[in-house]
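As structure tokens, one chain now follows by itself in the form predicted alone.
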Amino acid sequence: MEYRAPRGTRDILPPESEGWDIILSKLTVRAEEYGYKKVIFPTFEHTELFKRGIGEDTDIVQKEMYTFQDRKGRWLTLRPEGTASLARLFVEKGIDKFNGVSKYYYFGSMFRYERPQSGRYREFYHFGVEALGSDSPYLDVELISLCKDTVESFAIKDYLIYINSIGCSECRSQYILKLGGLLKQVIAYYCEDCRRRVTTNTLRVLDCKIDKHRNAELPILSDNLCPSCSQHYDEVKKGLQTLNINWQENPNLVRGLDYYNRTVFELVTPYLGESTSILGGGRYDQLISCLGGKETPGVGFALGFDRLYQVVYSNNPDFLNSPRKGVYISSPETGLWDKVFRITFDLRNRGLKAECNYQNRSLKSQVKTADKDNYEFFLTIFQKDMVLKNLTTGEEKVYENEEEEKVLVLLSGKGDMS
């Protein structure tokens, strides 16, 4: 049998994995600059959490979740997104009982059964940011500002931020009644998914990519908001103007999860050959109480890490190049292996990246390996001396054996090749 990774999954090897580390490090630093702290939650949860939190009639719950029974017959699901898990954590740990705003970020794999295509996998990765404890529209603006700052930190200049308001449960339910009545007259012309959604999840008809041209004549949700939601939306737009953040209103942006209310937003770029969404989010003021906690407003977003990597790489591949660092140690003389081995571990103990040759390979091939693996120096040990080569500049210098400590200090970043 030939073993392969399951369809819709993939292995991530160097140098891509090193690029991932660069991107994740920058995302983490930026989130922490905004006051967010890291949380880690399980890869699978009780299935009811996602049914309750995301919504029974959403595409995720209906068609995309990886659900299974454990040995005691309990239904469990690999997490398809992170917000429901974060909300469960928030309630279970009693954080909802405390006043103040709680800010978190997370990173990890998510799972959805979808048709694999470019930038979309069945196991994919999200970097998520969530803020709970305030219904201030300026917290919505903060999240959108973090989105903007994040993509711009990767030198991504060509992007567009879409925003919309889907109101609260009251004004949205009135709008859905109006929308449903109009759609019933024309729904026969829509796609199969829309014909199903018109009775199960009416708002998602607005989000259809196939029939979006048919929705131009439908009433706009943001024109049907209650006074409170309308004021909230106006203040979000005012806050964005204060920070000079450009956006475009998209009346068909509704997001695909039931827990959203009021502000929803999305960021798209054309770098992958079309307007591709790389992150999306919004407000979810009823999710915590829906899961049994104290009523706690929240807002957040999830960034598609796989897509962000593709965008960064296609836009500026040099951004993902790690600087050369570390030293590769070798010797053409077999009797000096103990010395090579000792120096390698001495450098590691000093906090330096160091490697040595564990195979009987020529010195020339080892230099090529060190260069390919992005080492900064190559140190060759001889019986009477040692030669240090800077693989960036090509500069070489010979040191006597008595100068070993000087070389080690130099390689530890506390000297130069003079």
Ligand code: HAM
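We number the residues from 1 along the sequence you see. Nothing here was measured: the structure is a model prediction, and the numbers come from that model.
Heads up, the form predicted in complex with the named molecule isn't pictured, but that's what we're talking about next.
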Original post:
Within 4.5 Å of the named molecule in the predicted complex: all of Y162, P270 and F319, by heavy atom?
Top reply: no
**OP:** Could you check which residue among E81, E142, D285, D207 gets a heavy atom within 4.5 Å of the named molecule in the predicted complex?
**Re:** E81
Original post:
Which pick from K237, K103, R196, H126 sits with a heavy atom within 4.5 Å of the named molecule in the predicted complex?
Top reply: H126
Subject >> Options 88 to 96, 225 to 233, 276 to 284, 337 to 345; stretch whose heavy atom lies within 4.5 Å of the named molecule in the predicted complex >> reply: 276 to 284
Original post:
Heavy atom to heavy atom, is G167 within 4.5 Å of the named molecule in the predicted complex?
Top reply: no
Subject >> 4.5 Å heavy atom contact, L257 and the named molecule in the predicted complex >> reply: yes
**OP:** Examine R74 and determine whether its closest non-hydrogen atom to the named molecule in the predicted complex is within 4.5 angstroms.
**Re:** no
Original post:
Heavy atom to heavy atom, is R307 within 4.5 Å of the named molecule in the predicted complex?
Top reply: yes
Subject >> Outcome for the Cα pair D318, S275 in the predicted complex, compared with this form (closer or farther; change of 3 Å or more) >> reply: farther
Original post:
By 3 Å or more, the Cα spacing of S275 and N316 differs in the predicted complex; is it closer or farther than in this view?
Top reply: farther
